[in-house]
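Form predicted alone, single chain, as structure tokens, below.
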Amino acid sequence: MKGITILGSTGSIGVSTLDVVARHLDRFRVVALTARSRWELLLAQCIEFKPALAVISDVAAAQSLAAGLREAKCPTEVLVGEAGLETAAILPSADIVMAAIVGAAGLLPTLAAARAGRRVLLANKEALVMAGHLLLDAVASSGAELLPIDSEHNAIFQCLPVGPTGRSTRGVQRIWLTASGGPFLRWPSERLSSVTPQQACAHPRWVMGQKISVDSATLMNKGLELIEASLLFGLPVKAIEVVVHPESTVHSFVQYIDGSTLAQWGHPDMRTPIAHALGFPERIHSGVESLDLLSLGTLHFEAPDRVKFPCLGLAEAAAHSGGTTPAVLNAANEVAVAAFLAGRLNFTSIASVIEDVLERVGMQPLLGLEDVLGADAFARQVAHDRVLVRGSVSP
């Protein structure tokens, strides 16, 4: 039986992971769960799965969680903060670590799990975007496994051939990342400045958290995925294309030099890639129904509009720049999206803030973790300043 830690268990990926685990209690046992502040849901998860450890970032929430566990006579130990997250990530009983904390906050525990030699299920794309080869080097040196959970990268992984040392890109000409296009795919550009957070978070196909929903609406999510794909599969950025596919049933393509193209097809449900990575190399039930091919109808594919959605181009440029630039891009995006969700920035100014920060923060070589953390902190400071400026200007 495999022990599993879920970093970010109260988010959409964490909840879906527990749904899959609950279908296979003969194969998996939950040893640790973590959350930022949603202690009520974390309490319910602890009562159901009885992990040895629960970690929560908020001190007041930790007190409420501990009280609830005592009342329920649940023996789960409660830890607080970053040190607790690292403890959960490297528990000796954790064979598998689901890295599902959103944003830069997931970097350090994900890196800790990789250094500890765990099977890391990477749903936190920002960790790889920020730390690049540092995370990959940690995986290689410790003997850890890194399996992608993003539906697009998991699809690519499934479509790659198996070589002597694992999945290989031999014979691959190009990979295509599919994008739903988000809720504003058909909106005219002039309407985008009036977009509300509620509208941006109403994704037409996927059920996701607020931050990633906004990233999908701006196409920044696809830009971050492009950077992630280049690193995960060792391909140059020029060999990776983004294609808009509104139906969201084809999760990505791999094209080969012999003219063939392989695609992974399935319902837009994150339990499919989660189950694939949990059971790998076996296939296990995910709770997702198979596609009814006769009822699918027409599938559509089109080029993304980089003028209407400039975040994609900003991410592509950051990928080409390398060094600390992807970390700067990610930090600026997190600050800008948070300001938009708080009503302090309009939708179209998200890209403007990111562009401002990239212009003001130069690229530095990525030699160690201190370079990542330094670039992240400085970019956030600059981004907060730019939000004040951009937020004071009418759309």
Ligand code: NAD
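This structure is a prediction, so every number in the text was calculated from the model and none was measured. Numbering starts at 1 and follows the sequence shown.
Another form, the form predicted in complex with the ligand, is not on view; read the next lines as being about it.
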Answer key, the ligand contact in the predicted complex at 4.5 Å (heavy atoms) among 123, 219, 156, 120: the residue is 123
Can you work out which of 78, 208, 192, 240 has a heavy atom no more than 4.5 Å from the ligand in the predicted complex? 208
Quick check on residue 57: any heavy atom within 4.5 Å of the ligand in the predicted complex? yes
Give a yes or no for residue 185: in the predicted complex, does one of its heavy atoms lie within 4.5 Å of a heavy atom belonging to the ligand? no
Taking the ligand as it sits in the predicted complex, is residue 323 in contact with it (heavy atom to heavy atom, 4.5 Å or less)? no
I'd like to know if residue 103 sits close to the ligand in the predicted complex, meaning any non-hydrogen atom pair within 4.5 angstroms. yes
Since the chain is shown here on its own, which stretch among 342-350, 359-367, 29-37, 60-68 would lie within 4.5 Å of the ligand in the predicted complex, judged by heavy atoms? 29-37
Going through 268-292 from first to last, which residues have a non-hydrogen atom within 4.5 Å of the ligand in the predicted complex? 270
